[in-house]
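Here's a solo chain for you in structure tokens, the form predicted alone.
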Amino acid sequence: MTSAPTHAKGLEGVIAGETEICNVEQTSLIYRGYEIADLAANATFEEVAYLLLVGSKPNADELAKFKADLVAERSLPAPVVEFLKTSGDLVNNQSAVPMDILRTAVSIQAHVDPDCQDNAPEANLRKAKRLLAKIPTIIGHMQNSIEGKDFVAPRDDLSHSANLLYMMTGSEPTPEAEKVMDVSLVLYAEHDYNASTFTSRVITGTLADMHGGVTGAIAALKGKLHGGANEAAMDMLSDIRNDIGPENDTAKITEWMHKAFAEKRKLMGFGHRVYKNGDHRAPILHALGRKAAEARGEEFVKLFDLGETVQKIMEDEKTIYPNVDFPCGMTYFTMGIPVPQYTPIFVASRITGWAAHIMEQHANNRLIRPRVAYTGPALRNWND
């Protein structure tokens, strides 16, 4: 058996590298020195994106230029647009899901990016800004195609968050909806060596290009145990509602939960590899989502009531707390966002963290090549 100095299933607790970008602890989440609650309350997503990609808080002139750079890159090249025209058929025929479409669109984008093969810092930053600007347009065109509608062109007078919502719906969002989306993007922007970010670093650690790293990261994020958890959390709440009816009968909810426990069903949106006592992003988004629900009406308030009952049962009986994906599912549903687009929207945020890590990996690279503890048969002879 191969000896290994450190071994943990799923690499739990293993320090796999160093970063200046993000620090995840039991009691805090810090982006380049700024705590997440501070950023959610006081920074816009564009400011946070600049912080992650460039490494410092922007001044007014730097922020204005950064935003102008993003606006100038929102439109898509013709090959990507042509592919997205077929995306609705692929999704509606169930041969693909939105995360598949987004992954392929980003890969196509690589073929027409003039900096694709250049891993220099300046080229990487240009690519990062292009991807950040274009991913909302990809999501919007995809949703238009799914609904059989004409593509909605991006607007240069809207913020990143407002433009993302506008691209999907064709309607300018209210300031309240824009704020909720903006905060959700701040909360999702970065989270150290999570599965998708680590994937991007492994890929680019071979000196592969940024588009390759991001394409791999999107593939990793698709899974229900990672980015897909926000969709799965909403699906779970829909299952409960379908089984117990429209009224939030606590006894029926408890019965449903106990049956799920007995069947060892994995209840999505709860638990976290690092945050054993609760994800401090979750209450920030829950409060905003609840406020949005109260503004929209009783149907949406009931959804949050249901979610809060489920959350209390999980906390009281299992001592397992919600992660940010649980309130995200309810919040995006309240905003009228189609459930299959929840994880692509995650990409519209996390692209900032991925790109920052890819640039950091390229700047101080060492091939990521761990060892493995062999548990197969002992040495044997083929002719025996």
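Numbers for residues come from their place in the sequence shown, where the first is 1. Owing to the predicted nature of the structure, the values given are computational and were not obtained by experimental measurement.
There is another form of the same protein, the form predicted in complex with a small molecule; it is not shown, and what comes next is about it.
The shortest heavy atom separation between Ala229 and the small molecule in the model of the complex is within 4.5 Å. In the model of the complex, at least one heavy atom of Ile320 sits within 4.5 Å of a heavy atom of the small molecule. Among heavy atoms of Lys276, some come within 4.5 Å of the small molecule in the model of the complex. The closest non-hydrogen atom of Phe346 lies within 4.5 Å of the small molecule in the model of the complex. Stretch 263-271 is the answer when you ask which of 263-271, 179-187, 209-217, 110-118 has residues with heavy atoms within 4.5 Å of the small molecule in the model of the complex. Checking Leu76, Met314, Met99, Leu237 against the small molecule in the model of the complex, a heavy atom within 4.5 Å turns up for just one residue: Met314. With the partner removed from view, the residue among Lys252, Lys224, Arg155, Lys302 that has a non-hydrogen atom within 4.5 Å of the small molecule in the model of the complex turns out to be Lys224.
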